[in-house]
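Quick setup: one chain, the form predicted alone, written in structure tokens, and binding and motion questions come after.
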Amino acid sequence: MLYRESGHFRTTYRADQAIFPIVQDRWVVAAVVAFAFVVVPVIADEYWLQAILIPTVIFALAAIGLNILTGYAGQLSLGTGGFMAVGAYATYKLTTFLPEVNILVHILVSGVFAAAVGILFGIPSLRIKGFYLAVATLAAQFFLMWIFNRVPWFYNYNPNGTITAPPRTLFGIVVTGPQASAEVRYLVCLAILVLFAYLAKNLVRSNTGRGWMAIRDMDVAAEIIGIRPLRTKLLAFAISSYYCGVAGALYMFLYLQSVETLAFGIDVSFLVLFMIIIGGLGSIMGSILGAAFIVVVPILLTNIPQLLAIPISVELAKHIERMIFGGLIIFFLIVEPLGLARLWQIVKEKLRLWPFPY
């Protein structure tokens, strides 16, 4: 009975086109965000923050970036890991050349380098699409991994080929390096995710977002009505790569803190792709839900044998985890191909009509 629209009157177009036109939605979202910022850092321990919450937030940001390109613009990409690597290595080089600049500035600027690379590898989308575009972006993934692994300048000629996050502060608080607490790193990642998710939600509701969806649904018809494919597709690649580049910088500096090139391999690209498929294509909320699903479910599957005191080897447990996880993905796609976002939408629709039949 609490989730009703009766009594809430929208008298302006601005109110009618708001992100959350229903008052209860605004309350729920505000409560969830407040809980994530205020309560979670207090009640969560080191394991929850480091192993679950921080990677979930970072991958949610990367999933939003890929969803902009694939879910809204309809351009399939398998180079997400490579674009994340661009952001990570760009931030590393910026902190080396300009150590006095705020680390947050470095992270945000690194996305610009990723966007430039995304535009470069997005040029083939003007002539090819579908499976052929996926192969082209997959080539970008392998090329970026090769260049970061073979050119010593990117990792400052370190003999072991790794890059390590130097200790940096943000407003006097250490956010990177061994001294940075998990709570601080989680709050920084969460703040960036909330800001970028809000920007993405407004972007896909603008003329730019409607142009992406027109290209996705029927590119020939979109071009006939005046939408320029060159500008629209390359802008989608740029913004998507920017999000992925920032996520890659956070992944290296605030999560792993020391990585090799393999940390951004093809597995990461497929992982982010699974996130938007399970969460829901063309949905910002679906990107976040999909990231949480992909990160949390393998951890649960790993810990279930220990909780049930089942004596199995680590190798067998890992194989069983992958089998169950793959089966869950297939089952979920059969049951609800539109993803978790559609399930959430169905729940809200039923709540708006409850207790009447639907």
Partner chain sequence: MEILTAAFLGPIADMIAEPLFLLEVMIGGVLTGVMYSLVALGFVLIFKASGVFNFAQGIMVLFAALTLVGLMERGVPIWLALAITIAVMVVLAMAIERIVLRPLVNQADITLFMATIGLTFFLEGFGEILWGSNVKKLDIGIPDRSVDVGGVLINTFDVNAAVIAAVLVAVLAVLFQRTKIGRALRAVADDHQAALSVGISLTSIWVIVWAVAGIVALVAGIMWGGKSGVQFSLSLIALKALPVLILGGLTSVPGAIVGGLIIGVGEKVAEVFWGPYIGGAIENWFAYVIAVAFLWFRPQGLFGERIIERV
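Positions refer to the first chain, counted from 1. Not measured: the values here are computed from a predicted model.
Below, we refer to the form predicted in complex with the partner chain, which is not included among the displayed structures.
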Q.
Give me the residue from I128, L98, L262, V105 that has a heavy atom within 4.5 Å of the partner chain in the predicted bound form.
A. I128
Q: Go through V40, L301, A51, I329 and name the one with a heavy atom inside 4.5 Å of the partner chain in the predicted bound form.
A: I329
Q: Select, from the options 83 to 91, 160 to 168, 252 to 260, 139 to 147, the stretch whose residues sit within 4.5 angstroms of the partner chain in the predicted bound form by heavy atom distance.
A: 139 to 147
Q.
in the predicted bound form, is there a heavy atom of the partner chain that lies within 4.5 Å of any heavy atom of I123, even though the partner is absent here?
A. yes
Q | Interface membership of I266, the partner chain in the predicted bound form, 4.5 Å heavy atom rule | A | yes
Q: Tell me, yes or no, whether D219 is in contact with the partner chain in the predicted bound form, where a contact means a heavy atom of each within 4.5 Å.
A: yes
Q) Would L76 show up as a contact with the partner chain in the predicted bound form if we use heavy atoms at 4.5 Å? A) yes
Q. Is the partner chain close enough to V135, L281 and R322 in the predicted bound form that each of the three has a heavy atom within 4.5 Å of it?
A. yes
Q) Going by the partner chain in the predicted bound form, which residues of 273 to 288 come within 4.5 Å of it through any heavy atom? A) L273, F274, I277, L281
